[in-house]
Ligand code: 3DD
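What follows is a single chain, given as structure tokens, in the form predicted on its own.
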């Protein structure tokens, strides 16, 4: 269907008014991004640029998309997960003339159809969460990098890892800025955002008491650490499983129990995977779990929990409440899988709070501006994965503090001289 400025496919356009209220709520909690919108809405630095986005369609994402439009860009959007789209938000964006192809509950074929639709206007900038759009370009539209695309950005740990592997193999056809690796992204969005929203998703899908339960978190990276912190704060006995010795050591010194998944499977009450790796929980683990175990994932892809293995040992399955499926095993024990093994914080809840997405999406916006500015100057980053400048990180953190009414100390000239004077001794 056609809207004011482009095509769209959403669940129900009648939900637009409800979506607008959600977006307005998010805007009230995202002062950095709204300040950038006000600033660059006057100069339109993205005029003439077409941005294809593949990102969870949440109220916060809508604030980002509208900021791009205000800065002059033409935008086409799709969701990056079949279960993470808020249909009211998608409807609101479509009603405002933004090309969007996303609805909650799409199948895999529909998911990739939506990505293909966003590419029909030949974007010259891409924005990704998990790199599915980038992979689609590389697999199905190999000429786009030469004809249209000047660069892109990637939001997630999983996506950045895969893109770095592509770059190392010489297969990446255009430059990507790793927004995920910004300090104002992974130390806030990944830790505090994932931690809170994952617990939120578990509680909405189960309403269980966390206190006193053995909560097993697979992976102690930024996301896993955030989940462990929040579970511990609610009174859980937190168990960490890891493959990386230094991460395991950090978990131990943070007061967590550390063991293998084979050991944890026997005693866990709630399992959360946060690794970005496939087959973290497999057949033998399901067979060890006690009756009533709850299993969910907060990593980007749904392959961390091997549901095919679970199907092999189950006797029956039923949806017992929203985003909560009961698997009865052949020996009578029950295992509960949340959100079909997909991102529990987005499928069963609303994703990260607006306050932390404010910084992540400010990084997305500034990185897209950087790519466009280089292009206007006739320049381009080399094909590969690039970090954001540290100055950008500090600028966004400073703006965030300023909106909170927090002031900082400044180094005096004498202190600056001391910092840079290598001849100073004790």
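Nothing here was measured: the structure is a model prediction, and the numbers come from that model. Residue numbers count along the first chain shown, from 1.
From this point on, the text means the form predicted in complex with the ligand, which you will not see here.
Taking the partner from the other structure, the ligand in the predicted complex has a heavy atom within 4.5 Å of a heavy atom of residue 361. Contact annotation for residue 350: at least one heavy atom lies within 4.5 Å of the ligand in the predicted complex. The shortest heavy atom separation between residue 129 and the ligand in the predicted complex is within 4.5 Å. Proximity of residue 156 to the ligand in the predicted complex falls within the 4.5 Å heavy atom cutoff. In terms of contact with the ligand in the predicted complex, the residue from 51, 371, 55, 46 that brings a heavy atom within 4.5 Å is 55. Out of the listed residues 346, 218, 125, 71, 346 is the one that sits within 4.5 Å of the ligand in the predicted complex by at least one heavy atom. Residues of just one listed stretch (385-393, 33-41, 353-361, 371-379) have heavy atoms within 4.5 Å of the ligand in the predicted complex: 353-361. Looking at 259-281, no residue comes within 4.5 Å of the ligand in the predicted complex, counting any heavy atom.
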